[in-house]
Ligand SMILES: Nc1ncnc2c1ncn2[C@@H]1O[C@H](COP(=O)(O)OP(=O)(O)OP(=O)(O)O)[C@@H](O)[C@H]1O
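The chain below stands alone, shown as structure tokens; this is the form predicted alone.
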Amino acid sequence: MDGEHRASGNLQSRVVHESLILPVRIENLVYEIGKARIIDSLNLELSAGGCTAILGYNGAGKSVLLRLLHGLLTPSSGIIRWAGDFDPEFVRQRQSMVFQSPVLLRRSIEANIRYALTKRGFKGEHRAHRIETVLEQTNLSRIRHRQAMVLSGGERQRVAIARALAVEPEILFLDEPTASLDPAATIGIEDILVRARNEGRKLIMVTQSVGQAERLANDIVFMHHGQVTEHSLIEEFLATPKSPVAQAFIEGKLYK
């Protein structure tokens, strides 16, 4: 299973969705809370397609960067420049986000997905088709009528991902989506993400697992103290990290 899983993760991405809002260029981005600077003059460019994994120790600013990109937080200063001349609402409609602890409606799995589609303006046959498609892709068809509140942690996260994918996002943001899951549930989630990536969706994922990054990511953004200290292909990052802090992280050591 593991070899099969890893092999599928190495498939070349097959782009089936036109990229309208990527690449994104981040210039001198700053985010402050009071006198604390969480993101410090950050510069980064992310291209369309593939999976970008954001790594770094706790407090590096990884989740905050994800929320800034998704528009959940407003930068203190700096620029997030998306491709094309689109208004913020259009950009938001091209994105979805999955959190570490999903918040689901007190409804069935199917109703959770239908609600997300309705909010995004999907109707009729198109909405019905998207529901059936993502239920199948996330292995939820058999339990589609089960109430979300009685699901296991792995099932809840699959519902959250199904709901996010249902609206056909160009970018899927993921904030440590398997952090609290057991190995079997983690493999199930990763298989879904591999498929989404290979369909041409851009995945931007915060993870603390070097192994998960190696299985899923094309490139690594390594953060430390609110800045990007490295941005390189996964093979280069693992073989020749450019900083002592990245080397320590890869080796699973504390960095002082």
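Just count from 1 along the sequence shown to find any residue number. Everything quoted here is computed from the prediction, not taken from an experiment.
This next part talks about the form predicted together with the ligand, which is not shown.
*Counting only heavy atoms and a 4.5 Å cutoff, which of 44 to 52, 212 to 220, 58 to 66, 191 to 199 contacts the ligand in the predicted bound form?*
It is 58 to 66 that comes within 4.5 Å of the partner.
*Contact residue in the predicted bound form, chosen from 93, 108, 100, 186 - any heavy atom within 4.5 Å of the ligand*: For this set of options, the contacting one is 100.
*Tell me, out of 38, 228, 203, 26, which residue has a non-hydrogen atom within 4.5 angstroms of the ligand in the predicted bound form.*
Flagged contact: 38.
*asked:* Each of 33, 176 and 208 within 4.5 Å of the ligand in the predicted bound form, by any heavy atom, yes or no?
replied: Result yes, every residue of the spot touches the ligand.
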